[in-house]
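Shown next as structure tokens: one chain only, the form predicted on its own.
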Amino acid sequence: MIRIALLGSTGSIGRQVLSVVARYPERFSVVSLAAGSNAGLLKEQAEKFHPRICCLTDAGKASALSDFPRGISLYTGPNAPLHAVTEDCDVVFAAMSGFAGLAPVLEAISLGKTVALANKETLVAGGDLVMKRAAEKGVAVVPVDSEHSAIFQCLHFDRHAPFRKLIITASGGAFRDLSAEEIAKKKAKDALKHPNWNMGNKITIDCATLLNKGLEVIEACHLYGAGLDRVEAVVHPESVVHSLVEFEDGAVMAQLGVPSMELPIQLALTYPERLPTGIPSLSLVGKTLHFSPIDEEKFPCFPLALESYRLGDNFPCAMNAANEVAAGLYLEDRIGFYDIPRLIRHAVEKTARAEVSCEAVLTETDRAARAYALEKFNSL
């Protein structure tokens, strides 16, 4: 029986993790649940899965939990997710969104718990620190994103296996076939109409800007010990090939499947064993697959992300923080599509370099970069 501490239980990934638990109750149990603000769904999940601990980050929604199931310890407030990382879990499934996922992941590593990582911002903002501590503690960091799971599978579940190059695919998002002039007029409601995947709002906006693919390139560098020169991203509109790995002899292996997160989510918990997921089989009959380079002029957030990684130290953290602010403002229709890279660029340029030696450095960088992004927003 694998005991799971689930961070981000009410989000898209979290709900699918619980689907896996429900599918295989003899294999998995839930010891804790942590959610952001969806108190109603958290209560439903608690009633169904009977965890020992539940956490709600938005303390203002706690009133909705007045008749919470008995016998469950309930924590609220910004630091509540830390209480979900318990000594009696086997796996901490990090599915919460944004920089807020960093502290619980570091806590999981300090306790020696396996981390199933679906929170890419953790590695983008603090990858050097996270991976160093994981290595020191002998903690397994298991990739959950479909792209990184695909690479993991191609490397036979060995993140340290040799390779020549990693090739990450991108659907291209909702605006992939539009001109820059057309994109500039599009609102968040248009960006949220992802052609292939059903995801949360923030990550869907990141897909539309292709900032998400920049985050995934950075994440791949940390997960697989690669330099930027060994990681390539290409647009693949069909979302059938999830990533590819080129080896020294020129062979290229790819992982293919229908666009569903059920497979990588379940596999993160069962590998190397593969169990039925219920997703449909992939048929390539009659299909034509396309691959093209990313248009960096049309999608400037992608090269901005890579440039922050080249700068190193705390600059990826600043880039990520500014994007969280900008994506939030775009979702509220308070800025235009191309204001997003403007806010990010301003924040990165204003950031003072600092070596990432501890979590406090990242927290201060995150705070300052958010302020710089808002500063730019107020000047627009």
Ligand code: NDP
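Values in this document were obtained by computation on a predicted structure and should not be read as measured data. Residue indices: 1-based, along the sequence shown.
Beyond what is shown, the protein has a form predicted in complex with the ligand; the following relates to that form.
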**Prompt:** Ok, 141, 301, 233, 95: which has a heavy atom sitting within 4.5 Å of the ligand in the predicted bound form?
**Reply:** 95
**Asked** Pick from 261, 134, 241, 178: which has a non-hydrogen atom within 4.5 Å of the ligand in the predicted bound form?
**Response** 261
**Fill in**
Within 4.5 Å of the ligand in the predicted bound form by heavy atoms, the stretch out of 36-44, 345-353, 64-72, 329-337 is 36-44
**Request:** Mark residue 308 yes when one of its heavy atoms lies within 4.5 Å of a heavy atom of the ligand in the predicted bound form, and no otherwise.
**Result:** no
**Asked** Hey, in the predicted bound form, is residue 174 touching the ligand, heavy atoms inside 4.5 Å?
**Response** no
**Message:** Please tell me whether any heavy atom belonging to residue 369 falls inside 4.5 Å of a heavy atom of the ligand, as the geometry stands in the predicted bound form.
**Reply:** no
**Request:** Give a yes or no for residue 17: in the predicted bound form, does one of its heavy atoms lie within 4.5 Å of a heavy atom belonging to the ligand?
**Result:** no
**Item:** Sequence-ordered list of residues in 99-137 near the ligand in the predicted bound form, where near means a heavy atom within 4.5 Å
**Value:** 100, 118, 119, 120, 121
